[in-house]
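The chain that follows stands alone, in the form predicted alone, written as structure tokens.
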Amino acid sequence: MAHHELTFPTDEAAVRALEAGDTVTIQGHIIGIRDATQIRIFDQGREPPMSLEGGALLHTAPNVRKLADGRYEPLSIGTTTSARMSRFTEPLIRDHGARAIMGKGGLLPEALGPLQEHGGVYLAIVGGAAALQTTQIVEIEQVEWEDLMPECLWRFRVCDFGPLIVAMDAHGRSLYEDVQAEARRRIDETLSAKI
């Protein structure tokens, strides 16, 4: 296992260098995205109003305050469970060039194939870390589709965002599947010892 510092947007080679179990700290920019945003893009056929190319996408619906000048101030930039958004993984990476998806709890196993084929990773965030994450957001630089508030498209400038765990990599490995396999092994071992 290794630690990596990546600046996003980035390229496919950078994420293919990551292995499940590695940790990552992000510099540069991340894009906030959530259910309503992805439904608009993929189910309603709307082109996103900002580029996702090379992006690190955070599953979030942040708590913000609108300032007098129209900008937004971050109050709490947390994350949400990712599994329900698994179906968007392939088109995000294949069609829009996203390179990392971030959230809690992992994507469903069917997301592993697209991550491997098109060069993407899932970076896990520890649940309940919104207070820390918010301090790592330097500025909210762009907000699109405000009618979806708070599930808009957000462009955040970040500094030392993380550390995040590479939970699903571009080589077909998932820490979630590893944990499930180990749990099954231990259950079988325990049950067979009682016979």
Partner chain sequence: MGTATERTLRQAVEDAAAELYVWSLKDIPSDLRDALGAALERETHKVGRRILETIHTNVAVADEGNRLVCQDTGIAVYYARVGERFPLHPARIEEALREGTRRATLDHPLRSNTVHTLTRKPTGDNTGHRIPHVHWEFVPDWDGLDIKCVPKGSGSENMSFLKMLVPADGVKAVKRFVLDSIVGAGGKPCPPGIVGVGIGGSADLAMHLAKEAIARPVGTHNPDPDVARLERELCDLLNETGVGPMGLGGDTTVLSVHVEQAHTHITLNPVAVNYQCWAARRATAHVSAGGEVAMDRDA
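Residue numbers count along the first chain shown, from 1. Note that the coordinates shown come from a computational prediction; the quantities given were computed from them, not determined experimentally.
This protein has a second form, the form predicted together with its partner chain, left out of what is shown; the following refers to that one.
Although the partner is absent here, Ala13 sits far enough away that none of its heavy atoms falls within 4.5 Å of its partner chain in the model of the complex. Proximity of Ala170 to its partner chain in the model of the complex falls outside the 4.5 Å heavy atom cutoff. The shortest heavy atom separation between Ala124 and its partner chain in the model of the complex is within 4.5 Å. For the chain shown alone, Gly128 is a contact residue for its partner chain in the model of the complex, at least one non-hydrogen atom being within 4.5 angstroms. Judged by heavy atoms within 4.5 Å of its partner chain in the model of the complex, the contact stretch among the candidates 35 to 43, 151 to 159, 138 to 146, 60 to 68 is 60 to 68. If you take 91 to 114 and check each residue for a heavy atom within 4.5 Å of its partner chain in the model of the complex, you get Lys104, Gly105, in sequence order.
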